[in-house]
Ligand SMILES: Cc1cc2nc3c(=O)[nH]c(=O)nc-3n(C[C@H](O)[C@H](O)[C@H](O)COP(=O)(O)OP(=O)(O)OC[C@H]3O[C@@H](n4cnc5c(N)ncnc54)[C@H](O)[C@@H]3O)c2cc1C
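The form predicted alone is given below as one chain in structure tokens.
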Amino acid sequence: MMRKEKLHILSSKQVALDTVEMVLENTYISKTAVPGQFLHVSVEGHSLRRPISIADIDMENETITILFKIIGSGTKQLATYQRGMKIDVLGPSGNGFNLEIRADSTILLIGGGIGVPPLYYLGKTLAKNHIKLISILGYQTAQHVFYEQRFQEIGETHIVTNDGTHGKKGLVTDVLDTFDFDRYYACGPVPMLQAITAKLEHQPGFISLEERMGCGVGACFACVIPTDTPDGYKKICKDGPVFNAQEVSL
């Protein structure tokens, strides 16, 4: 159940160009959050909270790791917050990834840019259950690459950059045909997800949508997405952010 909590900042550091990793301490969220959920973070002086996906959980030490990209005044200010400060969040928010997977399955993780973080906590959770993982991680340039080693520690990992400065040159969709898998999980920009769901139309998969939200609790309709359900739509903040790939219209 989502609650309003104050989280202690244990560390904050830049891990790639314009990308910040923040480790937070909180008992309730560290004990209850599942892969794919997010924190709705309040930044002083900004009326709207920022949805930031959970990149990792350490239940033993009661910590939550988030990563965010500095793309506006809110995240720019959040990046100045340092160890010892507290941040106000609503969390854990949303619904996470479907974890009902056959033990002999091969899972493909496809992340793009700041869509990579939630796939790490998912991958780490699946690896603990001995699920075979193949990860394809896409970034703009070598300067934007983060968590490569962490993904390598949990499974086969392939890096793709737009300009070819690290890994294979191109887009994540350029290498999808290379692998055999039973199910995919993807998170990243909408154009990337559109291309993936089109290319993998006949493969079972789940996608996590990253959208600017309003209330974050399903009351304001600021983040609705068309579906083939009787209502004709779903709310990303409340019904998602993870959806069956065939469930929503991007």
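If you're wondering where the values come from, they're calculated on a predicted model, not measured in any experiment. Residue indices: 1-based, along the sequence shown.
Omitted here: the form predicted together with this ligand. The next part is about that form.
Backbone and C-beta atoms of the displayed form come within 2.4 Å of three or more atoms of this ligand after its pose in the predicted bound form is superimposed, which defines the site as blocked. Shown alone here, residue 117 lies within 4.5 Å of this ligand in the predicted bound form, counting heavy atoms only.
Using a 4.5 angstroms limit between non-hydrogen atoms, residue 85 is distant from this ligand in the predicted bound form. In the predicted bound form, at least one heavy atom of residue 68 sits within 4.5 Å of a heavy atom of this ligand. Contact check for residue 49: a non-hydrogen atom falls within 4.5 Å of this ligand in the predicted bound form. Only one of the listed residues (106, 140, 75, 157) places a non-hydrogen atom within 4.5 angstroms of this ligand in the predicted bound form, and that residue is 75. Note on the partner interface in the predicted bound form: the residue among 192, 209, 33, 64 having a heavy atom within 4.5 angstroms of this ligand is 209. Look at 22-30, 195-203, 49-57, 178-186: in the predicted bound form, residues with non-hydrogen atoms within 4.5 angstroms of this ligand sit in 49-57. Taking this ligand as positioned in the predicted bound form, the only residue of 18-42 that brings a heavy atom within 4.5 Å of it is 38.
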